[in-house]
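Below sits a lone chain in C-alpha cells, taken as the form predicted alone.
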Amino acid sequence: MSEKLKFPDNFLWGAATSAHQVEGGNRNDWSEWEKANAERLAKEAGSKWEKWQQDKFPEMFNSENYVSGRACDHYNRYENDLDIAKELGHNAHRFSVEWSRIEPEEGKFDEREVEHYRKVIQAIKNRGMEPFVTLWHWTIPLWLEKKGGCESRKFPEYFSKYSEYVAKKLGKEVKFWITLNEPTSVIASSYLTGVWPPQKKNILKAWRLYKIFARSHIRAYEIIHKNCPDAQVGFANILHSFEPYRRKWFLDELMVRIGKYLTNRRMLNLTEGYNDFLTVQYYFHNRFRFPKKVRTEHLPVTDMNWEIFPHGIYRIINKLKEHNLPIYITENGLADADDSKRQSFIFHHLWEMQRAIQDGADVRGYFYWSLLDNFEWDKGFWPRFGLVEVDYKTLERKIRPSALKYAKICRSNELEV
C-alpha cells in the first residue's frame, strides 16, 4: 500500500530559466565570446568528453552548437512557454532579467525592455504563478566588460545602479528577488579553471571576487528593500555534496573542508544578515581522494557524466537549518536527452527534501532546472535539461513524460511512495 507524503501548505512548485539560455538575440560578453570560441570548443570536444557522450551527441563537434543565436526564442514565445508551465501544474516560475537589454550603454536604460519584462511578470501572475526574478545570471553588458566586468572594484556600484532601476520599475509586481546567480560558479569557471569568459586563471582575483560579489549582493539587498519594503531577497547559491574517499584520512578530510568552505560556506558567511531566504542549487556530488576528486563507481550519471546522488540535497538542507531562514530549492535538475532518468531523479530528490522537512527544515519551494531545453553555456545545445524538449530547428516544444509525472506532484502537493 502506497504512502502519501504531504508538503507544507502553500508550497511553491515550478521550474527555472535564465535569459541568455532561452531568450535568443542577446548581445553581451557571452554572445561575443561564443562567436570567438565556437570552432575551438568544437575541436576540443573529442578530448573533453567520454566516447559514449561523443557517440550520443555528435552535434558537440559542430561549431554552431556553441553559438546561442536565437536559442529557444523564448523572448518572443514566453506566453506559450508559460502556458505549458501552467499546464504542468506549476504555481511559481523563476526567470532572469537580461542586464545587457536593460542597460545597453552605461547609465542609459531601455524603457521598452523594462516593459517587456513587466509583461513577462504579468503573464506569470495571470497564470496563477509566483514570479521569482533573478537580476544577474552571469552575462555582462559589453560596456561593463570593457571596464573590467565582475573583477572591477566598481562592479558593486554598477550592479546596484542597475538593481535600483529594475526594483523601482518592477518592484510593485515582484515579491521574490534573487540578486546573483551562483557567484561561486563564476569564480571557479572563469578565474580558477579559466574555461568561461574572461578566461583569466588567477587565484588572487578569484579570492577577491568573493568580496566583490558579497558587496554587490548586500548593496542590491538594501536597495531592493528601500524601494520594496515587503520584498524577499536572497542570492542563488550552488551547493555541492562533499565527502572523503577515506574516512578519517587527514588529507582527504582536508580537501572536503576546503571544498565546503570555498563552495558552500564563504558567500553565506560574507552575506550573513542580508538574506531573507536561503537557496539551494544542487547538481554535484564530490568525493575526494587527495589530491583530486574521484568517481563513485556505483552511482548513475547524467548525460553530462555528473553523478546522481539525491542524498546530497538532504545533507545540504539539513546544514542550512542552522541559519533559521526559509529555504527554496531554486535549481535542481539533470541533462537526460532520452528522459530515462528524470522521473526517478525528481522523485528521489524530492523524497530526500521531504525527509529534511520532516526533520525541521523550513523548505518552501522547489524549482526544477529547467523548464525548457536550453543553451548550456560553454557546452552549447547538446545537454538536454528541459521538462520540455525543444527542436532547435523548428522551435517546436514537446512535453516530456517525466514532466507529466512532476506535474502530478505539483498539483497534489504530495509525494506518493
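This is a predicted model, so every value here is computed, not measured. Residue positions are given as counts along the sequence shown, with the first one as 1.
Another form, the form predicted in complex with a small molecule, is not on view; read the next lines as being about it.
- The closest non-hydrogen atom of Thr279 lies beyond 4.5 Å of the small molecule in the predicted bound form.
- Not displayed here, the small molecule is kept clear of Trp30 by more than 4.5 Å at the level of heavy atoms in the predicted bound form.
- By the criterion of a heavy atom within 4.5 Å, Trp138 is counted among the residues contacting the small molecule in the predicted bound form.
- For the chain shown alone, Glu376 is a contact residue for the small molecule in the predicted bound form, at least one non-hydrogen atom being within 4.5 angstroms.
- With the partner omitted from this view, the residue of Trp49, Tyr392, Phe57, Trp369 that lies near the small molecule in the predicted bound form is Trp369 [heavy atom within 4.5 Å].
- Only one of Ser216, Asn181, Ser100, Ser163 lies close to the small molecule in the predicted bound form, with a heavy atom inside 4.5 Å, and it is Asn181.
- Between 216 to 224, 343 to 351, 318 to 326, 279 to 287, the stretch whose residues reach within 4.5 angstroms of the small molecule in the predicted bound form through a non-hydrogen atom is 279 to 287.
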